[in-house]
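A single chain, nothing else alongside it, follows as structure tokens in the form predicted on its own.
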Amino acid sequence: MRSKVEVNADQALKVIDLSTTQLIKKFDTDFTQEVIEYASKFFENVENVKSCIQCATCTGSCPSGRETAWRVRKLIRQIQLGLKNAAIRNDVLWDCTTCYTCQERCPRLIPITDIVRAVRNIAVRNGFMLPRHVQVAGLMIKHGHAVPINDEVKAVRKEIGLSELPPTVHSYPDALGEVKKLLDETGFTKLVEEASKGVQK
């Protein structure tokens, strides 16, 4: 015969409190709002992210998802559930090519690609930046140009009939100071410096 387990009201409340605490730790609903508020500064209809029904139209049509572990509907679900760390710490976040195929096909009119871009910005602001992105950003800060130029590239350019230097700050070195000033005043330089401290290895 099964014994009867009696639980008094105090014990029940302790169980409820514990579950609630664990739930709050696991699901950071502030992240959902953070994404909506941040992305809404730049894009429209971001609030629609709450209406995702996980139909998988986005993931099924994603060209990048065919070649990588990127599953865009998973990111949307993580936003809905407030799984901030899972969303911003995952390297696959950077596998999206921002081709907008998912966004154009979403039956809920969720601006998916815009949201991916916003989550990437949030990731960088929280110190999560891939080493190759830090490297490219560093080139931009140092040379005012994200693509390095060297003797080999100069030779190739000359061989195909182009000038040795592209029409950027490489050709107009006096403009480098202006580019650096722009990067400083917009906070880009500081952002990259901060992100590089916690760069993912």
Partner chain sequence: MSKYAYFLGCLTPNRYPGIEAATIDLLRMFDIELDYMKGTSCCPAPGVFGSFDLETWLTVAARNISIAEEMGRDITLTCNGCFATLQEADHMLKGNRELVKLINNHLSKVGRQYKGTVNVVHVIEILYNEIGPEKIRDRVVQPLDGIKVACHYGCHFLKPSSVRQKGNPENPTMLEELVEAVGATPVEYKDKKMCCGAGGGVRAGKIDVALEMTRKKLDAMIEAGADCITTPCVFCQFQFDQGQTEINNKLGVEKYKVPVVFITQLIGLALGISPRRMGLHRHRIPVKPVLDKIFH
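Residue numbers count along the first chain shown, from 1. Predicted model only: the values in this text are computed from it and were never measured.
The form predicted together with its partner chain is left out here; the points below concern that form.
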Sole residue of Thr59, Thr168, Asn48, Thr29 within 4.5 Å of its partner chain in the model of the complex, by heavy atom | Thr168
So in the model of the complex, does Ile110 come within 4.5 Å of its partner chain, heavy atom to heavy atom?
-> no
Is Cys52 one of the residues lying within 4.5 Å of its partner chain in the model of the complex, judged by heavy atom distances?
-> no
Would Val153 sit within 4.5 Å of its partner chain in the model of the complex, counting heavy atoms only?
-> yes
Looking at the partner-bound form in the model of the complex, is Ala86 within 4.5 Å of its partner chain by any heavy atom?
-> no
Quick one: name the residues from 118 to 143 with any non-hydrogen atom within 4.5 angstroms of its partner chain in the model of the complex.
-> Ala118, Arg120, Asn121, Val124, Arg125, Met129, Leu130, Arg132, His133, Val136, Ala137, Met140
